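Presented below, as structure tokens, is a lone chain in the form predicted on its own.
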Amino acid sequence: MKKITDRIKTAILAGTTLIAPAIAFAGEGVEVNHLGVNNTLVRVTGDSNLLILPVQESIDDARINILVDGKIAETIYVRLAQSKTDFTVPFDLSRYKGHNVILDILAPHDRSSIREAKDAVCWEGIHLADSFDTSNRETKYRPLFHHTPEYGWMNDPNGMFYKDGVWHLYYQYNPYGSKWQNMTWGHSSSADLINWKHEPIAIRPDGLGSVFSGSCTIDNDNTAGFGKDAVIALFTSAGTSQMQSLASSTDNGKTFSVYPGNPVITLESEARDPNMFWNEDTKEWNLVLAHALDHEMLFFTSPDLKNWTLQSAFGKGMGAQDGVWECPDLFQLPVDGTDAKKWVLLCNLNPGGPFGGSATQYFIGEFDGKKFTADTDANGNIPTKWMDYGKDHYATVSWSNAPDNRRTVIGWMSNWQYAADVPTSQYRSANTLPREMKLFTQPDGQIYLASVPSPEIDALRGKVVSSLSGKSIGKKPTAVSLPATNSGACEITANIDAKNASSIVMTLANKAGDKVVMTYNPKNHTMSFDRRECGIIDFNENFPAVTVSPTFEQNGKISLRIFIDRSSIELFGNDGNFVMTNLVFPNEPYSTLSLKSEGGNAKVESVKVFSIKQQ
């Protein structure tokens, strides 16, 4: 107190005005000091594991420097609540046990007075706790059988690998809000690709920047020097510039040690999302890196995962070029029905998808360990091919070291056009179902990529709740019921012969008047998916949409597997030869599927509706 009094006396003698320090106590063990209209210190004086921060989504981020013993340990960005609290997020204090922790907070804009700064509701809401309630409070739309984060924002899947019977999924994660920010690697693990265990954050931002997308591999022969069978992660450090960094794990990916020699790759222009693998043919490591703004992929080689040599580039002027190129993957697959093998280059881009926003394109070709050469069509052109013809399939990449030579992938089930606006807040975004990759040939001579649900997904299938078989349908709709349990989540299989019809219309509907219309046109060999009346659609002008897919069939017959979750529909057609993934937000679960035929009768060979087993 004597020091404060002396400061006041000094100020008076100097003829200046001094504002007394604003001190308030938010909760036991937390002291709030307002230093000005846009700067506040929050001092942690208690000994709990978590500091709970109130969030208001509609405002801008506050920048928070975490001071540990007077030094900046990390910087996070949080939309600290001003007029109301939408939800809270936890900050982990356990990492700094035994140290002095202060949050130096810079508000996103100036207030007119200290009084206005002190009125923000966050100051009374900040408190200490030893646990955080992650129980699902959004059962209406949180998926029943798709992976989601417990809370916070998620986008691209990252660094997936399989080891010792466990599938590891990392992802772009904001633990401090449900919009993009604070990019770290979140982590979940699973023994069956259905039930996911949420693990602690794997890799956090450091002095080189945020942790953007990347990949993991298992270094079986200790080429990098971190130990036999160490898990090696390569990711983009995104600070002022983008560069590639390395981290290693000796506990099967639970924790990572960042390589002190980072960055391991630097370029003069923006590049990101490294994807690496061991090339058994050339006995060296390969890496694909997205040269984002140049709309191309760069190919590197390395003997030790640390020293990389640029070998070639692919993509300028090829395929879809409207948006930045991101999240590459490169792998080899057999071509069904032949002895041939082909290389597949996945190239995610945003915007520039076939129906707006983000999407996954791919190229088929040859790779010699240094250069990728794409196949051409009959006219000598490199065709643009899409992996999924829905609006909500992006950043698709595969697990490394998958068992039985499987090529198993998973995607982000959203679209950058509206991902931050969807009607959820405890969490934002889910992953697609895991899928197996195959190659098939069409009469045009082109090879295409098929996606089928991973075999583990069959375990979700419950009892048949309704069915049709051997029924002729016409203009009058024929309906089957969807299950009332588990918010209407179900799997639908259908086999339809429509060669005598002009179209087959399949409509999902509920008593609230919401509907999704899927239309098969056998003459045009297309399937359309119309969600313009699917339920809640007004959160973003780009959400109401009709998407259209080629069906890759010649005989007027289609077979479908349709997975309906609380806020998504994934349609796999003709053994995965075409796929459509779309979010939906019905006001209540869809309760019926109706089918009708136009331009002639069609035969429904079978329709079965399966309940989903509670996981």
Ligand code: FRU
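Please read all numbers here as calculations on a predicted model, not as lab measurements. Numbering starts at 1 and follows the sequence shown.
Separately, the form predicted together with ligand FRU exists; it is not shown, and the next lines address it.
- None of the heavy atoms of His187 is located within 4.5 Å of ligand FRU in the predicted bound form.
- Ligand FRU in the predicted bound form is approached by Phe212, whose closest heavy atom lies within 4.5 angstroms of it.
- Shown alone here, Arg79 lies farther than 4.5 Å from ligand FRU in the predicted bound form, counting heavy atoms only.
- Proximity of Arg272 to ligand FRU in the predicted bound form: non-hydrogen atoms within 4.5 Å are present.
- Stretch 177-185 is the contacting one of 418-426, 310-318, 177-185, 473-481, since its residues have non-hydrogen atoms within 4.5 Å of ligand FRU in the predicted bound form.
- Of the candidates Glu326, Asp530, Asp514, Glu296, Glu326 is the one whose heavy atoms come within 4.5 Å of ligand FRU in the predicted bound form; the others do not.
- In summary, among the residues Ser248, Thr148, Ser400, Asn155, the only one with a non-hydrogen atom within 4.5 Å of ligand FRU in the predicted bound form is Asn155.
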